[in-house]
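There is one chain below, alone, in structure tokens, taken in the form predicted on its own.
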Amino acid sequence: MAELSRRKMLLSGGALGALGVLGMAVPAQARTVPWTWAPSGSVAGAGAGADPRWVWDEEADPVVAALFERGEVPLVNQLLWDWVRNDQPLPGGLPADLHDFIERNRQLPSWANPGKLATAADFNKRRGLYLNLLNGVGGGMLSTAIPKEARSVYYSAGGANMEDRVAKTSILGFAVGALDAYRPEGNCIVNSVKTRLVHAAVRHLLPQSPHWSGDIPISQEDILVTWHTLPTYAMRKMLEWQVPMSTADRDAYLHVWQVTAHLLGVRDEYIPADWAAANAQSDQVLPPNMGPTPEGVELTDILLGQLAEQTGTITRPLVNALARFLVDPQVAAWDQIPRDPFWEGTIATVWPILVRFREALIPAPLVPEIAWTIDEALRQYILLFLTKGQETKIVIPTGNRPN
């Protein structure tokens, strides 16, 4: 994927014609809708109410910028390579400002609830099939229909090697859903903090790219927009599919993502306190930040091609139909996912039957453990495929996309 192909550019141009200049198809309302979500609905319960579109990461950004100025990023990546467990001490030799930043920000927030985190782990064990599908395929299709996210991915270093980019994204996603996510032996704290450093690096590097125009990337709003393509979207779809869930399960699933948002650097005043607040925030920030771009179309084609290649037995038309099933028709149109009436009809008919069958089996003894084992094997296979068997970890990028 060295550059956008002429064919993809032409196809995208047709879809973008009604929205204006090619490559700048951000819906007009994205710049005009005021921020009205009340911080009283956040985990903090209060806040200044500043528009998160103009808020970035005032703590991480200067630390990472200083690493670049001092030429220390390669050394830091080398030192942090083997920092993998939540309870693991930081390696020696880190720059003092980075060491202090990580030590402060690897701590769970005071409002983190161990009981809810344990319930979330059990929920992930029982609902792994749905969550992997929704957070992986569904969330991926939504992300490529977010212009700022699609363009920031495409023109940053990860855009040149999407298998590596997806692998590193999957590392964080799988860490959030792991049974030991926030336990001492887990790695979700580590991967969240490393991802926060990556975001700061992209904010430092991407404005230097001749291909980037517009605001500084990955604002607090941008993170919230992506966040809502994961837990909020997944919960809405599971409710739509009539997956049985207790209130405690639903609240616990939200909680693990609340803690993750905090560790990614989202201010507590922006993190929804409950599902009503999350849905209200999603309705405000997600629709006006979505639309088509040629970069998003190209990334969609690559992601769906990778998915078909990973399985080896599922054809691309079936993968396309699955992707269209998971997202709104407008998103599928923006992403230019090809239609296949046969497979679309088949999935729409079979999926509710599969959900009912699976839910009937889940209460049986050992079934959750067996289901989790299968889901975990699939996750490991995906990572193995994406990394070609090479060890891959989240590292701070040292430049933008070549070419």
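In this text, residue numbers run from 1 along the sequence as written. Nothing here was measured: the structure is a model prediction, and the numbers come from that model.
A second form of this protein, the form predicted together with a small molecule, is not displayed here; the remarks below concern that form.
The closest non-hydrogen atom of Thr119 lies beyond 4.5 Å of the small molecule in the predicted bound form. Within 4.5 Å of some heavy atom of the small molecule in the predicted bound form lies at least one heavy atom of Gly158. The small molecule in the predicted bound form is approached by Ile218, whose closest heavy atom lies within 4.5 angstroms of it.
Contact annotation for Glu298: none of its heavy atoms lies within 4.5 Å of the small molecule in the predicted bound form. None of 276-284, 132-140, 70-78, 166-174 except one has non-hydrogen atoms within 4.5 angstroms of the small molecule in the predicted bound form; the exception is 166-174. In terms of contact with the small molecule in the predicted bound form, the residue from Asn124, Thr195, Asn105, Asn320 that brings a heavy atom within 4.5 Å is Thr195. Only one of the listed residues (Leu304, Ala234, Val202, Leu254) places a non-hydrogen atom within 4.5 angstroms of the small molecule in the predicted bound form, and that residue is Val202.
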